[in-house]
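Listed next as C-alpha cells is one chain, alone, in the form predicted on its own.
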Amino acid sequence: MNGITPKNRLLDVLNKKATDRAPVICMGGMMNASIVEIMNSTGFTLPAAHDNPDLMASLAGAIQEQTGFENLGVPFCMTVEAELLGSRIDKGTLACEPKIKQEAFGSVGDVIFRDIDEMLESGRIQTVTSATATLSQTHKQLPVVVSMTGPISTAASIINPMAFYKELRKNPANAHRVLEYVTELLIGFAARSVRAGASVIAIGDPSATGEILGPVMFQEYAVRYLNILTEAVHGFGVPVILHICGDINKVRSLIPGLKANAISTDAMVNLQKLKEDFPEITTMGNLSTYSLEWGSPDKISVQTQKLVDDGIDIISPACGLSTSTTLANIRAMTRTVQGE
C-alpha cells in the first residue's frame, strides 16, 4: 500500500488530492455487502444486527475483512430514519433487507412535526452511532462510512409515496415544510455520526431520480435539500458521497450543481463520459450488481479493470448487492482494484 492507509486514500480522493490508485468501497445503507455467505460463516447475522450495536460493528468488521472492501459501512438498511419518524418497519430476514411496512402519514398535510432533538436521542440512530464509535476506535486505518437515506427518500418513506409525489406539484408549501423537517433530522443524525467517528457520510436517495422527478422538480427539491444536507456535513469537517439511482440523462446538466464530494451512479451510466463532460465531478461506481450476483469471477475482474482503466475515481458496486452474491465474486472485484 506504499504506506497509504485505506482511510487516507479515500479521504484524499474525496478531497481531490493525488493518490496511488482508486479505493474500492461499499458504502453501507442501500449499498452494503451483508451477504448470506458472510453472515452464515461468522454468526453475525441480520436482522439481529439492525438493533444491536455490538453485532452491527462485528458484522461490518467481518464484511470488510472477508470482502476486501476498503471501508467499514453502517447501517445495513434504509429504514433507520423512517422508523424514527413513525413508519412501521418489517425488519426482514437473514436474506431480505428491512422494508417499510406502513408509512406513518397519508399526505404531506398529515405530518406531525415532533421535537427533533428528542427523536435523535431514541431509536436506531443510537445503535448506528454506538457501532460507529466502536468501529472508528478499533479500525483506525479504515474509513467508517455512515450511510443515511436522502431527504426525498426519507419523506417518501413516511408519507404514502403516490400521494407524496403528487403533492410535490400540488402542495409545494407543505412539501417543502416536510422536507425541511426531514433534512433537519438527517443533519442531526450526521452530526452524531461524525462525533462518533464517521470518516465519511454517504447519502442514498433512490426516490430522488430524474426519471421520477423530472428536471424541474429535481432542481427544486432534490438538489436543494441534498445540498443543504451536504453543506451541513461539510461544516462538521467530513466529506459526502451521494448515490443517485437510475438513468441520470434527464437531469445530467444538474449533476455538477450537487455539492457532494463524489457522485455514485447506477450501472447504466457511462461514468467515463460523465468524467469527460464534467471533469470537476469525482466519480464513483459502478460495477453492475447483476453481474456481481450472476457473473463469474473472471468476468467481474474484466469489468472492474475497465472501470479502473477508465479512470473512475472510486470503484464500488452500482447499487444494492443481492444477499445471495458470492464472496468469490466480490473478492474478484476488490482484488482486481488492488492489483492482486
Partner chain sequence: MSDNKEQTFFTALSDAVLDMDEVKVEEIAHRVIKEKIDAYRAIENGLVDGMNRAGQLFEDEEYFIPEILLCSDAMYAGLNILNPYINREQQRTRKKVVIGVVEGDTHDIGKNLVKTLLDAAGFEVVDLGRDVPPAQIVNAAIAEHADVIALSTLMTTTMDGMASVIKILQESGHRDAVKVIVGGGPISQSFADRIGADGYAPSAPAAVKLLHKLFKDSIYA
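Positions refer to the first chain, counted from 1. None of these values were measured; they are calculated from a predicted model.
Not on display, but discussed next: the form predicted in complex with the partner chain.
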Task: Heavy atom within 4.5 Å of the partner chain in the model of the complex - the one residue of I116, A232, I212, V238 that qualifies - done: I212
- [ ] Note which of I112, A173, L94, M162 lies within 4.5 Å of the partner chain in the model of the complex, where distance is taken over heavy atoms; exactly one does.
- [x] M162
- [ ] With heavy atoms only and a cut-off of 4.5 Å, decide whether E293 touches the partner chain in the model of the complex.
- [x] yes
- [ ] Would you check, heavy atoms only and a 4.5 Å threshold, whether A332 touches the partner chain in the model of the complex?
- [x] no
Task: Partner proximity in the model of the complex: I263 to the partner chain, non-hydrogen atom cutoff 4.5 Å - done: no
- [ ] Examine K140 and determine whether its closest non-hydrogen atom to the partner chain in the model of the complex is within 4.5 angstroms.
- [x] no
Task: Within 4.5 Å of the partner chain in the model of the complex, all of A48, D51 and T326 (non-hydrogen atom) - done: no
Open item on the list: Which is the contacting stretch out of 164-172, 195-203, 177-185, 132-140, given heavy atoms within 4.5 Å of the partner chain in the model of the complex?
Closed with: 164-172
- [ ] Enumerate the residues of 261-290 that have a non-hydrogen atom within 4.5 Å of the partner chain in the model of the complex, in sequence order, or give none.
- [x] M268, T289, Y290
